[in-house]
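Here you get one chain, nothing else, as structure tokens; it is the form predicted alone.
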């Protein structure tokens, strides 16, 4: 179905009014309170996004030729505000919006046709195969290898901390196809079907009691050469598209989600009486200032993407600010809860279903995943501030 707005005529305000009315009508018909059961909630979110795509109201930042709406920065912000205001379900596979910009920019016509629509509809889930036991923040040291055998690659190795691997249909992965060298030489970007013979997924239980991560083993896994994105050995440069968009466009909706969550924390503090404590009010003021800083920097990173510039510097700052904000936010929430903070989601009397305690536990990984806070600071120091690299002196 054609996109909703990019080809409409008229002023920007008229174009926004057009898609905004259509989106409001859609949300009135499809948004609502999610089911309590986890499986039913997932099915509900998938159905919501499938229908959103069919209506031509999905992917506000994608170009129209890729099936998106082609909205500019101001309209994307308005779109996410409208979605967040009614608690529309997030896309159930956020990793899809990391691989999608890579396919749009570097994929073949066949790859775009095959993957973008089911990705957007949540018909297929994706996981990211980057980290390994000895290659976490320093991904260029990865050792999972693919050997060319005719029109296939044969993949052997292991990936670690792979989010949603136990649910994923596909993995976008960095695989070594040539000798290691400077600048990520010898690394290729492959799309791997997760149901391939030779793949073993072992879920890892995290601090919250869930299994959001897995380790993935490859034992002579055969992958068609047509699943290579870009040039062989050129995957490192392509991966920067994934990482840059992960830290730019993928965080735009988080800006409004955090705004809503901060508002809910303010209400919790007032209703519980915790706001009567001047020290708690001081903490809440710091959180309020931080969420506004986060919003400003998110828009700066997204603006770079829309103008065709590398969002790397602004995105690295955004990644660090977001991760540390997520932790501070939930630390303050537990202070507001007081003794009730020890009650988890399985306790029927836990305030708000134990969501704040669960959020606190999950936020511990914020400064580890997708590049540790220390690595982000190094990146900012070297690429943004131009400071010398300590690694060169080692």
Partner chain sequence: MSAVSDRNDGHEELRKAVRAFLKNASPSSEVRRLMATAEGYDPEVWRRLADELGLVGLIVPERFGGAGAGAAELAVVMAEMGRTLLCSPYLSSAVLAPAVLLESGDEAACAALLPGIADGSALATLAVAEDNADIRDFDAIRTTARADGDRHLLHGTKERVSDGCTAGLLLTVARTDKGLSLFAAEPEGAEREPLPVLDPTRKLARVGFDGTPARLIGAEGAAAAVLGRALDLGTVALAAEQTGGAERCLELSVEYAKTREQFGRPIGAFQAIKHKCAELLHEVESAKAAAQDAARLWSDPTTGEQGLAASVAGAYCSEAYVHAAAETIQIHGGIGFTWEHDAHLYLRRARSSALLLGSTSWHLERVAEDIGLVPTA
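Small disclaimer: the values here were computed from a predicted structure and weren't measured. Positions refer to the first chain, counted from 1.
The following text describes the form predicted together with its partner chain, which does not appear among the structures shown.
Of the stretches 338-346, 28-36, 42-50, 55-63, only 338-346 has residues with a heavy atom within 4.5 Å of its partner chain in the predicted complex. No residue of the trio 24, 78 and 303 has any heavy atom within 4.5 Å of its partner chain in the predicted complex. Proximity to its partner chain in the predicted complex, defined as a heavy atom within 4.5 Å, holds among 220, 152, 277, 264 only for 277. Of the candidates 209, 198, 118, 273, 209 is the one whose heavy atoms come within 4.5 Å of its partner chain in the predicted complex; the others do not. Contact check for residue 97: no non-hydrogen atom falls within 4.5 Å of its partner chain in the predicted complex. Among heavy atoms of residue 178, none comes within 4.5 Å of its partner chain in the predicted complex. Among heavy atoms of residue 361, some come within 4.5 Å of its partner chain in the predicted complex.
Taking non-hydrogen atoms only, residue 133 approaches its partner chain to within 4.5 angstroms in the predicted complex.
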